[in-house]
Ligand SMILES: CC(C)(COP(=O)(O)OP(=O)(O)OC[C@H]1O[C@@H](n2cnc3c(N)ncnc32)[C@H](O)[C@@H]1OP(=O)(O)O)[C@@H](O)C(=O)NCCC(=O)NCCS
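Below you'll find only one chain, the form predicted alone, shown as structure tokens.
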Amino acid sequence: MTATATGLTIRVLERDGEKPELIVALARLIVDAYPGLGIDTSAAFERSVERVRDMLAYPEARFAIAERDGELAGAMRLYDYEMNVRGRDALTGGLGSVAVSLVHKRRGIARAMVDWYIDDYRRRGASFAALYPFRLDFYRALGFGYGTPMQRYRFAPAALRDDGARGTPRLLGETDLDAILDCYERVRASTHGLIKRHRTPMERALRDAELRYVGVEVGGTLRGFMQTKPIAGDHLMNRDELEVRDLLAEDDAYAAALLGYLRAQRDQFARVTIETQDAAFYLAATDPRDGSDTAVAPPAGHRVAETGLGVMYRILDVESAFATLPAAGVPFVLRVVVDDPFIAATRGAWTFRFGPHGAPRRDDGAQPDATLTIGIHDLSSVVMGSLRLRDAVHHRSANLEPRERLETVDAAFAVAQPPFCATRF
């Protein structure tokens, strides 16, 4: 339990034993904060109360609430995640469902809750924090940097390429839960940014009547899968779409088999919509156009995707975050001057030795070959690999002196594949 300077008390809810009226108030708070949930009837609200009660029992997440004078003022969910960072797992604090009471807005409650959340995970030894923002500017001001953009492609099914496919597609059900989680872990082991998938949300997704999971098997072993959902075409014949999320496979041949399944749906769906953080996924189709015939920037302007920023990352400990970086091809000493207006612990200067024999190590007494001045938000993105340092310098959100060292320093932070996140929270 934490009492803030403004008289706000923040605490984690017990998994059982909380007063029933508090659970109802929490459900109402979430409904008010997220009208997009579409809870507009008494029956729907009763179901939301039951869901909140069920969510309290989930072992993978915690609810924290903010109270002022005994009145519920805000709430958030905290997730203990293991995230693959450049091949090694790092404890990462996930944040979701941040909600502030309608009568307590503009009183600094959201900032106070985020401060509490960051402090909680720092004390527990987490290197990173991650969230999906309700507003990019709000969380960027709190030190969170942009993750890899999400691309939304809309292909004609017949245009999808399934050459080189291997494996047999089949529909998956609740009995396949362990096989799905095992397959996901094999993919995660080689995919920077993927978060270890919790069992409970996957169980719920497999029970969801709107969703279908499709997998590809070889020799009885699941080697890839995806989530699909039909989208009605606004009451127009032959306009239905099939929405695809979490297309994950252990190699390209298994992914091609999943694309072959989608290609075979061309008699039923006019378009297949695929959400992915792979910016080159337009190569998966012989014709990548999205069917809108929108001229984005003529003459080179056929629209092939919609792009959005989603997941954001924040470094919680500079030294442990730098320990996730690989060995550098060229030895050098870098002084990093970090601006963090929100958290004092990640504000200041650190000096690191980079070299070919392992991750950079801190050596504040070393004479630097270059000095990097950067905000914690952009440093978080650079370390995670969703932003190249050279781009941050080019767009004047970071400065490196002497500039002649930029190529060497940029290469030390570069990653072969930007972070992928297939977890929604």
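Small disclaimer: the values here were computed from a predicted structure and weren't measured. Position 1 is the first residue in the sequence shown; the rest follow in order.
The protein also exists as the form predicted together with the ligand; that form is not presented, and the subsequent description refers to it.
None of 94-102, 281-289, 241-249, 262-270 except one has non-hydrogen atoms within 4.5 angstroms of the ligand in the predicted bound form; the exception is 94-102. Taking the partner from the other structure, the ligand in the predicted bound form has no heavy atom within 4.5 Å of any heavy atom of Phe45. Contact annotation: Gly108 falls within 4.5 Å of the ligand in the predicted bound form, judged by heavy atom distances. Arg207 falls outside the set of residues with a heavy atom inside 4.5 Å of the ligand in the predicted bound form. Heavy atoms of Arg123 never reach within 4.5 Å of the ligand in the predicted bound form, leaving it off the interface.
Three-residue candidate spot Ala33, Phe134 and Tyr139; every residue lies within 4.5 angstroms of the ligand in the predicted bound form by at least one non-hydrogen atom.
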